[in-house]
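First, one chain by itself in structure tokens, the form predicted alone.
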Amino acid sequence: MFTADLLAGQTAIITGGGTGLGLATAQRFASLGANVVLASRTELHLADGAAAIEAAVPGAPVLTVVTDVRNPEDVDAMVSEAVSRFGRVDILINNAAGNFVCKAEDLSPNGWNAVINIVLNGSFYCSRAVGRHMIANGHGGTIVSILANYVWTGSAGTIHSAAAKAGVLSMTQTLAVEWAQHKIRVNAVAPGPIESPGAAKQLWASEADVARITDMVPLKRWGKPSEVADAVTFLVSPLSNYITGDVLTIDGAAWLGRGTFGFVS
């Protein structure tokens, strides 16, 4: 169990922080004493996210900033606003994402670029902006990016997302080496099937799809957003001070056991 003051006084930026995994992580950080900065393109998501945090952790310091992570100027302005409000940034969670199921041969250039620009380019722009701040101030910090368990294996229908997240994985490993001298740790988590209404609309629309995916998970259940938030919290906390450049998979072993003979129950 994390102590209530684990992140006391630290400031965390969570992109895509108004909904889903981003909001679950923001709520967990707020409950542990962090100042929380929610970044999203959608004002309604930010308002709802801030209200959810206030309901769960009354009085928690929350800043909302409308930000398009595809735009480096937006990102720079968001980081500046966070620093102006809270004095510094200690944590960045690259969570903003886009995905939809589409065969590779049917994927348009616009569809490809939409996902690449949010996931890969956006994660770089945010990491660069926050990294520059951390380096200039000399206080170090932590960065965690949200990947997916198919980043190593590929997954039919998600070539845009798989390619983008594979790029973020390489970025994570590269920055971990480059920025270790600045006391900046850079890691990632790779969730598998997670209960999320937003993702459900995009990726699995029927009960048959849910049953099929559940059957692929050795633990025979879907993960909870709170379980991803727990893993992210571990990676940004002093409990993981000697971990950098790594990826923590959160999928009930779903990506394993896919050999020739399949899973034996």
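Keep in mind it's a predicted model, so treat the numbers as computed, not measured. Just count from 1 along the sequence shown to find any residue number.
The same protein also exists as the form predicted together with a small molecule; that form is not shown, yet it is the one meant from here on.
Considering the small molecule in the predicted complex, the lone stretch of 28-36, 230-238, 60-68, 47-55 in range is 60-68 [heavy atom distance within 4.5 Å]. No member of the trio 91, 141 and 185 reaches the small molecule in the predicted complex with any non-hydrogen atom inside 4.5 Å. The small molecule in the predicted complex is approached by residue 191, whose closest heavy atom lies within 4.5 angstroms of it.
Although the partner is absent here, residue 130 sits far enough away that none of its heavy atoms falls within 4.5 Å of the small molecule in the predicted complex. A residue is said to contact a partner when one of its heavy atoms sits within 4.5 Å of a partner heavy atom; residue 118 meets this definition for the small molecule in the predicted complex.
Contact between residue 196 and the small molecule in the predicted complex is found at the 4.5 Å heavy atom cutoff. Just one of 175, 134, 97, 82 comes within 4.5 Å of the small molecule in the predicted complex, counting any heavy atom, and that one is 97.
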